[in-house]
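One chain comes next, on its own, written as structure tokens: the form predicted alone.
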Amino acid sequence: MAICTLTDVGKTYPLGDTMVHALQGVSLSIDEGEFLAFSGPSGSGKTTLLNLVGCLDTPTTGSIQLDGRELAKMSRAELGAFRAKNIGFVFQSFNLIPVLSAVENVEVALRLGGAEPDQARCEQALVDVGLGDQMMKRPSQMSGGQQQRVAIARALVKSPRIVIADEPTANLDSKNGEQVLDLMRRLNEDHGATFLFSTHDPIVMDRVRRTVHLRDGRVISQA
């Protein structure tokens, strides 16, 4: 069953006196529970596509149906509320708050999503990613791989329908990258959330179930 359907989606940005066509006529169906990567060279449109599906931006043309809702018909406030409740984000730079402990960083996601603070739930999220003994450490006391695990726990603690992972292994060495990808694959299977990646990394492409290749804002192949 499709959780997201894009129909003839285009996205255009002004750049000085010219218009940049970041996406052009993208049509795509994404099933619930997929573990999927968008791949392509810089400027191919993969991050733009993730931003649209993640309700961080809206298309210039075409339509996006997400969990049965037409994004173009939602106000900015409605998009923000939908994003906070249904979408988790994992970034290449981790984006953890330096002065907070691991468990406090995870708790932030619940607060932003409008849920009541639940320390037991946040602690369990860290146990699920193998950090049960690191809960009180701050980001500066953790390795890059551990910080990315905190970011994954933060994304999953609110039980999102979709997890958006933009180049999640870019700042990790190959061993930690493999461990993080294996962890996300296991969490995908255990929790049923849809995982969408943008990546150049062959480690990611080796582990996803489907790769959609983009070039110049268009889908050129998928397998």
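Predicted, not measured: the structure shown is a model, and the values here were computed from it. Note that residue numbering follows the sequence shown and begins at 1.
If you look for the form predicted together with a small molecule, you will not find it shown, but the lines that follow are about it.
**Q** Answer for Met205 alone: is it within 4.5 Å of the small molecule in the model of the complex, judged on heavy atom distances?
**A** Met205: no, not in contact with the small molecule in the model of the complex.
**Q** In the model of the complex, does Thr169 have a heavy atom within 4.5 Å of the small molecule?
**A** Because no heavy atom of Thr169 falls inside 4.5 Å of the small molecule in the model of the complex, the answer is no.
**Q** How about Thr48: is it within 4.5 Å of the small molecule in the model of the complex, going by heavy atoms?
**A** Taking the distances in the model of the complex, the answer for Thr48 is yes, it comes within 4.5 Å of the small molecule.
**Q** Looking in the model of the complex, any heavy atom of Ser44 within 4.5 Å of the small molecule?
**A** Output for Ser44 is yes: heavy atoms within 4.5 Å of the small molecule.
**Q** For the interface check, one of 172-180, 185-193, 34-42, 152-160 should have non-hydrogen atoms within 4.5 Å of the small molecule in the model of the complex; which one?
**A** Contact-bearing stretch, as computed: 34-42.
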